[in-house]
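The form predicted alone is given below as one chain in structure tokens.
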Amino acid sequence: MIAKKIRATAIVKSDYDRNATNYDKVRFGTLGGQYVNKREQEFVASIIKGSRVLELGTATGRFATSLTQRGAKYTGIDLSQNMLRTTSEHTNHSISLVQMDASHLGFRNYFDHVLCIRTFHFLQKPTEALQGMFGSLKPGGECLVTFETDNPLRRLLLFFGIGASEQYYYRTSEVEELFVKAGFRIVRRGPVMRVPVTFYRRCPSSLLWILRRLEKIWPWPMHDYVLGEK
């Protein structure tokens, strides 16, 4: 596991409050960024089929929108009030939003799925967060977490300051251990995206096809997932 200048909760809240208005433009404003969003939406849709869903880290509501359109009863939490406000504005369906720290969840035995996409690696207290996710689920409920990985390519990129962020980078086995410690049974694990998201966001549109082909053969997945069952 690599830890890079993990931000305090108050700083994370301040950063996301400040960046809520340009969040989507920075991440999904290019064709490469839009492709990443499409892949991640398809990935989530392949696992979560309606029902009661709790999302940790709503950001601007991209999953709130897609999940409710497919019939889910959605509850989302985020540290940032501005992100929650934007999520509400982007979603036409009835949803529940709560300003809350993911490491201190206050739900009990209610949800069928807990979802944490591209947020887990920012959490200061991942063990406490997973314990809260476990407690939020009904028996048999599933928890889906994605995270940026620790691998040889990542370490090389970080050495040269490419794609560095203030977060944890995990090996998949480390996240599995955290799941088991929280009480989960591992259902499956694997890659969500192999090529670094930074490459997609900065790639000229004419060369995007190259990255798409590399997804099939890239040896070090950069964005993995673990799915656990209560």
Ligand SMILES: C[S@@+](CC[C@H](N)C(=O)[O-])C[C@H]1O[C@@H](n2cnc3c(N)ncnc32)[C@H](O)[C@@H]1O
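When you see a residue number, it is the position in the sequence shown, counting from 1. Since this is a predicted model, take the numbers as computed values, not measurements.
FYI, the form predicted together with this ligand isn't displayed, but the following is about it.
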*Taking 4.5 Å between heavy atoms as the contact cutoff, choose which of 83, 72, 95, 144 touches this ligand in the predicted complex.*
83
*Non-hydrogen atoms within 4.5 angstroms of this ligand in the predicted complex: do 137, 182 and 226 all have one?*
no
_Given that this ligand is not shown alongside this chain, does residue 154 nevertheless sit within 4.5 Å of it in the predicted complex, heavy atom to heavy atom?_
no
*Hey, in the predicted complex, is residue 119 touching this ligand, heavy atoms inside 4.5 Å?*
yes
*Answer for residue 33 alone: is it within 4.5 Å of this ligand in the predicted complex, judged on heavy atom distances?*
no
*Hey, in the predicted complex, does residue 12 get a heavy atom within 4.5 angstroms of this ligand?*
yes
*With the partner removed from view, which of 46-54, 61-69, 190-198, 170-178 is the stretch that lies within 4.5 Å of this ligand in the predicted complex, judged by heavy atom distances?*
61-69
*What are the residues of 78-105, in order along the chain, with a heavy atom within 4.5 Å of this ligand in the predicted complex?*
78, 79, 80, 83, 100, 101, 102
